[in-house]
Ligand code: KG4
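Below, in structure tokens: the form predicted on its own, a single chain.
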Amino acid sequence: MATRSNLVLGIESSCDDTAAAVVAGGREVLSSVVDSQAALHAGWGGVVPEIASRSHLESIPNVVARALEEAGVGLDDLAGIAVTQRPGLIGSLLVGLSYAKALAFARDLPLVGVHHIEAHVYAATMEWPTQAPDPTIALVVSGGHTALYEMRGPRSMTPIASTLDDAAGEAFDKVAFLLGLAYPGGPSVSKLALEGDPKAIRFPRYRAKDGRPGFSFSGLKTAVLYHLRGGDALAPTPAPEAIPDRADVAASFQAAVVDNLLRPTLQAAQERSARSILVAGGVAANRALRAAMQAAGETHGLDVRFPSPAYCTDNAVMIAGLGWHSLAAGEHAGWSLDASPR
């Protein structure tokens, strides 16, 4: 139940979405506003940091005001403010953090910094009436991050593995660009993949030399590029309309990404005797990944949970939700709180 003592304003600006939300008690969503910059970056095939930070500057006052208005509360009704501190694009992070600091200082409100990736993990728990059975393996997979965590509660997340190079979502964006598809690449590749054969092309699956769970997507992107060039690394990349098997490429690439995410996650779950798996981040909205992970969960007796699509991509609900737990535990950040890209 929403009361003045448990209302938290969340602010998120780690990449290219400006977001604000009001959440009560870490779970009850009173408002969620997201201002997307996708159209600004579409022509570049990816996020341009300088454009992103400037857009945040323009958008954040209105986004925060809308979140408070939709929740029907004012700043004086809040118990505190939670803001993304890391990781992310440093310029983008500084915009949200500076704005949150100013609000907290002006109204003498407690402030807490939130880890963006841990908040994505928390987002996968918010909509479920019961907590996932511990221990839980959390897979966070987005445009900027691909990582595994062991979770034993909202404030207990231990890193297991992260990508050695590119994130899965970034690989989707680059392959979409090669195929002449719209940005962001995840939805457009997934849509085209429905028309193709996922077994038509055997793209590589990454396996760490030491046998531990891990991720790498740069080799997969290169394999797609070489396939499009007919196996000749020095040949020119064909125009999208000249690619005869675009749908098969999309479907086979997506299948490789799903395999590269599924295997390490199941391996980590087995090694840690996990009882459940949480999948979060923008790529968690991918239907092929959801279907494969749910099927694997049924086979191995694991409780598999995803957030709804609205909470897969960057949002401030997850920031306010996880931030409430820190505030409730008595954690307050000082004015020296700073942003960090990692």
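This structure is a prediction, so every number in the text was calculated from the model and none was measured. When you see a residue number, it is the position in the sequence shown, counting from 1.
The same protein also exists as the form predicted in complex with this ligand; that form is not shown, yet it is the one meant from here on.
A.B. asks: Can you check whether Pro307 is within 4.5 Å of this ligand in the model of the complex, heavy atom basis?
C.D. replies: Output for Pro307 is no: heavy atoms all beyond 4.5 Å of this ligand.
A.B. asks: Could you tell me if Glu118 has a non-hydrogen atom within 4.5 Å of this ligand in the model of the complex?
C.D. replies: No, Glu118 stays farther than 4.5 Å from this ligand in the model of the complex.
A.B. asks: Indicate whether Ser55 is a 4.5 Å heavy atom neighbour of this ligand in the model of the complex.
C.D. replies: Answer no; every heavy atom of Ser55 is more than 4.5 Å from this ligand in the model of the complex.
A.B. asks: Given that this ligand is not shown alongside this chain, does Ser142 nevertheless sit within 4.5 Å of it in the model of the complex, heavy atom to heavy atom?
C.D. replies: Yes, Ser142 is a contact residue.
A.B. asks: Can you tell me which of 263 to 271, 166 to 174, 234 to 242, 206 to 214 lies within 4.5 Å of this ligand in the model of the complex, counting heavy atoms only?
C.D. replies: Result of the contact check: 166 to 174.
A.B. asks: Just one of Gln85, Ser190, Thr125, Ser252 has a heavy atom within 4.5 Å of this ligand in the model of the complex. Which one?
C.D. replies: Only one listed residue qualifies here, and that residue is Ser190.
A.B. asks: Can you work out which of Gly196, Pro184, Gly113, Gly80 has a heavy atom no more than 4.5 Å from this ligand in the model of the complex?
C.D. replies: So the residue touching this ligand in the model of the complex, by this definition, is Pro184.
A.B. asks: Just give me the residues of 275 to 301, first to last, that have a heavy atom within 4.5 Å of this ligand in the model of the complex.
C.D. replies: Gly281, Gly282, Val283, Ala285, Asn286, in sequence order.
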